[in-house]
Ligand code: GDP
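This document starts with one chain, in the form predicted on its own, laid out as structure tokens.
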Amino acid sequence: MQTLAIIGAQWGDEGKGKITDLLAEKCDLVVRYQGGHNAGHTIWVNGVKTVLHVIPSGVLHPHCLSVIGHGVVLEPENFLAELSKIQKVTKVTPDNLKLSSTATVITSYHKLLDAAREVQGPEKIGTTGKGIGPAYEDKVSRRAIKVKDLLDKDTLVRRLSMGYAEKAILFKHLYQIDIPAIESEVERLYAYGQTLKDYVVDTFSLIDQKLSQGKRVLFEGAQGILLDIDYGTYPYVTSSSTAASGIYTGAGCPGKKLEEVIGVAKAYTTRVGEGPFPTELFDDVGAYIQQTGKEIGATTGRKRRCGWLDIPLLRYSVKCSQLTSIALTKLDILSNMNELKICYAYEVNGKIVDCAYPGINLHNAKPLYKDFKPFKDSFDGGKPSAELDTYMSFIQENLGIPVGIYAYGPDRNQVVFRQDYHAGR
């Protein structure tokens, strides 16, 4: 296998960093293709916790080349702060970390606009307020600042000037906020550019070269398919293409196709922020899962909403990203519970629906549950109990693809490859 993708199959926070870190050991490149520092991938190695936001999760493997693709939006100050932190854990240099010259830059104006909209807007989306959405808006409107623009002051002045007058009027008259003068923003971004320049390359041609040399490439997604700007539960989504299609637009897979697309899913369901959530639990069971699973956002610090596993949502994710297998995480959180359920379908306006297609109003979806005998596995290296195997087999049979990997704890070694699945070995 030469090309592999790791994608969140739910609303993000599924444990993609752990699975990416695990499989990166067998890969030559790990490529992040979308999103920004609104994502948080947590990796535990020998009891040491590392949280990554923009830097790919393969960075903890010295042999692995980490690549930030052109579909990512980059806030330079945050990137350099993250780089400084990771340097305390592992050695990172321009030799093993590359940044796309055409990645979009998040400016001070984007962050201010994001925060102002969330506070004053009529509809709360649950944004992280980090400028992600406004940066993608400028990209689509052809006014974005690209990383390569930070390397030349004259170009930077010209590119910033294109949208500054409009932004100044918007902030002054609608949001009553003063924004930094263009001169100070130019100096700030140019200074960051001088620090970044050794990492900056044409990542598309780099990936093309490596693939032609037979190198193994792992594409790492941020957030999850259900937050995709097109495939997600709009408008409660992120601003990028989180599904498999984002790999082709945000990084490129020159001359190749994706051979394996692993969808990472928790053994239950969580969501941060606003939006529909058919299986959300508001009782003691939901509180137990939240507390036991330590369901708090690595980036936002917000508590995650929790509910039972949702097969219709996962079935939709399988279809729209052509997932070839599932990596099921956090099974240990469900062990020893008094009850265990899976939503296998919805009742919507008197009809039974088994796939969460975009045309369905999830606010009106009544989850239909199948009860399972709770499993009480200790995950001490022995064979899975019959109850646990039944739980995973039900998921596999209903999705039509294998549950090839399951994880039962935060550390990189708390993972099992099921015998009927050999990808990544």
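Note that residue numbering begins at 1 and tracks the sequence as displayed. Computed from a predicted structure; not experimentally measured.
Although it is not shown, the form predicted in complex with the ligand is what the next lines describe.
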Interface check vs the ligand in the predicted bound form: of E185, D332, E82, E260, the one with a heavy atom inside 4.5 Å is D332
Residue (of F372, Y357, Y369, W44) lying close to the ligand in the predicted bound form, criterion heavy atoms within 4.5 Å: W44
Which of 323-331, 91-99, 210-218, 310-318 has heavy atoms within 4.5 Å of the ligand in the predicted bound form? 323-331
Look up in the predicted bound form whether D21 has a non-hydrogen atom within 4.5 angstroms of the ligand, and give yes or no. no
Test of understanding: in the predicted bound form, would R159 fall inside 4.5 Å of the ligand by heavy atoms? no
In the predicted bound form, does P384 have a heavy atom within 4.5 Å of the ligand? no
Check G404 for me: does it contact the ligand in the predicted bound form (non-hydrogen atoms, 4.5 angstroms)? no
Could you pull out the residues of 395-414 that have any heavy atom within 4.5 Å of the ligand in the predicted bound form? A407, Y408, G409, P410
